[in-house]
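First, one chain by itself in structure tokens, the form predicted alone.
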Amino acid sequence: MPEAWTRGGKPAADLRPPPGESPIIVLVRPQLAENIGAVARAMANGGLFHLRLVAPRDGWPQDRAWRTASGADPILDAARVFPDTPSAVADCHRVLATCPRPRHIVIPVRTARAAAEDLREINGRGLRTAVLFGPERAGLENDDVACADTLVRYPLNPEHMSLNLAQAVMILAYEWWTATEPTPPRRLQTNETTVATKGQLEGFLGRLVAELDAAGFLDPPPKRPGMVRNLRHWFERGEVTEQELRTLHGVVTELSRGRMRRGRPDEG
């Protein structure tokens, strides 16, 4: 099967929405084609596939959008254009609107993380959802917000809360993706080795202490227990791997051989 290519000359990503419902990103009166392309790129990173455009300022399609999409061409190819916000969300059951400014209305408000959790739950029931993002310069107008049943606000630095359009979409896309992402939040990368067992670690520590006794490092005797405990805490507080222990065994072996060649300094 021949490989698909983007308009920018790169291999196109195989981006196909999974079965069922997933959020629709609605850009209301976007101004720059490059920003629309960057939004498609952000959507692809977060597993969002449905893009709708409301009255794009310079019309649609525009080649400049594909040049900034970085392979997310299928999202742009399938984008739908609407004359106004009500028509863009007419087939949706729930509509969320990103809104950084206070509004004098009574309405549920969500962070991006809570919004993503809600979207997962709503889509899981087979209901269609959309998230509105406003124009780059001014954001959504009151009439646009009136089409939504929930607001989404990002808790960012109040002294400098300034996101471009693609960044705003990326935050939501990231939260949507990680809401069900199984990657553990913390892990130790061990490559081709594994974490050593306590028994393996104890074997190394026993050998190390014996060699340090022979070298006189643990003298004088009253200080020996505390020094041994410090060594033990040093090795016990991290997840030492088997490969690291093999390396340390090799270090101890070579140090021991060096002393044997020069004569072990057993006497003070």
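From 1 onward, residues are counted along the sequence shown. Bear in mind that the values here come from a model prediction, so they are computed numbers and not experimental data.
Beyond the structure shown, there is the form predicted together with a further copy of the same chain, which is absent from this document and is the topic of what follows.
Checking 89 to 97, 125 to 133, 76 to 84, 108 to 116 against a further copy of the same chain in the model of the complex, the stretch whose residues place heavy atoms within 4.5 Å of it is 108 to 116. Checked against a further copy of the same chain in the model of the complex, the residues Q200, Q31, Q62, S70 give one hit for a heavy atom within 4.5 Å, which is S70. In the model of the complex, a further copy of the same chain sits beyond 4.5 Å of every heavy atom of R120. Proximity of N157 to a further copy of the same chain in the model of the complex: non-hydrogen atoms within 4.5 Å are present. a further copy of the same chain in the model of the complex is approached by G46, whose closest heavy atom lies within 4.5 angstroms of it. Put simply, I36 is far from a further copy of the same chain in the model of the complex: not one heavy atom of it is within 4.5 Å. In sequence order, N164, A166, Q167, M170, I171, Y174, E175, W177, T178 are the residues of 164 to 178 having a heavy atom within 4.5 Å of a further copy of the same chain in the model of the complex; the partner itself is omitted from this view.
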